[in-house]
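Here's a solo chain for you in structure tokens, the form predicted alone.
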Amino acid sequence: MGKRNLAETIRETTRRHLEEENGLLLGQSVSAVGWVNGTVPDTRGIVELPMTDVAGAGFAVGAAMVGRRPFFVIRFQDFLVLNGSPLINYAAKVKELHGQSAPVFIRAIAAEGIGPVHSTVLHGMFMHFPGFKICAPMSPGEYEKIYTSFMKDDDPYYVSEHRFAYQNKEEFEDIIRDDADITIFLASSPRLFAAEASKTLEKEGTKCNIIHLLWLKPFTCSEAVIRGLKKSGKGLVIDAGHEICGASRSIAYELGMASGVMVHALGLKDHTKCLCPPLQNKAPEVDEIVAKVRNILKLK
């Protein structure tokens, strides 16, 4: 049997959660259109919600309050603008205010090129609110790691998934080298383009440290990574969400304060995503990453 890809890992993790941990999974149209890209098993413990944008999140929070540790599936992260209210204003606050935890596992799914209300990555917005733990797993091993963490924890988790990664079977490794010209930190779908971008830059004589970001909040960085950033003298954080007030700028600020190095940010441009190719406003891929690094290295 070959290695599982990310979608298969999510499905089997969910199966184990529902069948062995008395868990629940709640979501709209879960069994329709391929069982959420093949990530949901056909088993017990699944609650199909009506097409509502607030009550469903409230049901999930209630289930968390009574110890069921629900998975709450959001097919498109854009839908969390409405669904977010019970999560932000109750699940994330109740532990601090009243000592009652609400551990809900929010499966927030992102995509590319689908349209203006089906393509946004919103983990940066949820980083703004206290009480959430936020991660962006892109590999099977990372998903197993964050699930294990969730089961030992009592906080709500915002799990930012990206459909681009569902077929991925490989794990990601950081690269830190003594002669790097820049240290690049990547979150979400841009991670899939890191190796190719790094190879393209190396052909031009630019050597890169590559750091893969799984946990966005709380954000921590090892001493080895900070040393690598200091030695390279330049940094760049790349994310799939909008750049203004987003995860890339927030993390770039933290890294800059920790290292004393100027750390730049790259994310979506400040305009609406659309379906037609000229206006898709896609997350940074190889060409955009390479161009941004070239521009940074030109700065004095």
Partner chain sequence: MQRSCDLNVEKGIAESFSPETSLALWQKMCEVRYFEQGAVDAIKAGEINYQVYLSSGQEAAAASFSLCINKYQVFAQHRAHDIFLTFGAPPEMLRDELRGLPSGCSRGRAGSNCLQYHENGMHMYGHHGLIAENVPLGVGAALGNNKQTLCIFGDGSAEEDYVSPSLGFAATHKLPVLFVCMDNNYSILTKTEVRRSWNMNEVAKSYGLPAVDIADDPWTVLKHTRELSTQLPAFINIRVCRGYWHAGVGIDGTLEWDRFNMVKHELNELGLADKAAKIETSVCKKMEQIWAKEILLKPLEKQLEDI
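Positions refer to the first chain, counted from 1. Given the structure is predicted, the values throughout are model-derived calculations rather than measurements.
The protein also exists as the form predicted together with its partner chain; that form is not presented, and the subsequent description refers to it.
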TODO: Verify the contact flag for G205: yes if a non-hydrogen atom of it lies within 4.5 Å of a non-hydrogen atom of its partner chain in the predicted bound form, no if not.
DONE: no
Open item on the list: My question is simply whether F150 lines the interface with its partner chain in the predicted bound form - judged by any non-hydrogen atom within 4.5 Å.
Closed with: no
Open item on the list: Taking its partner chain as it sits in the predicted bound form, is Y90 near enough to touch it, meaning that at least one heavy atom pair lies within 4.5 angstroms?
Closed with: yes
TODO: Although its partner chain is absent from this view, report whether G99 comes within 4.5 Å of it in the predicted bound form, heavy atoms only.
DONE: yes
Open item on the list: Can you confirm whether L24, L49 and F59, the three residues that make up this candidate site, all sit within 4.5 Å of its partner chain in the predicted bound form, judged by heavy atoms?
Closed with: yes
Open item on the list: Using a 4.5 Å heavy atom cut-off, which of 224-232, 110-118, 175-183, 81-89 contacts its partner chain in the predicted bound form?
Closed with: 81-89
Task: Contacting member of V33, L275, V66, M257, with respect to its partner chain in the predicted bound form [4.5 Å, heavy atom] - done: V66
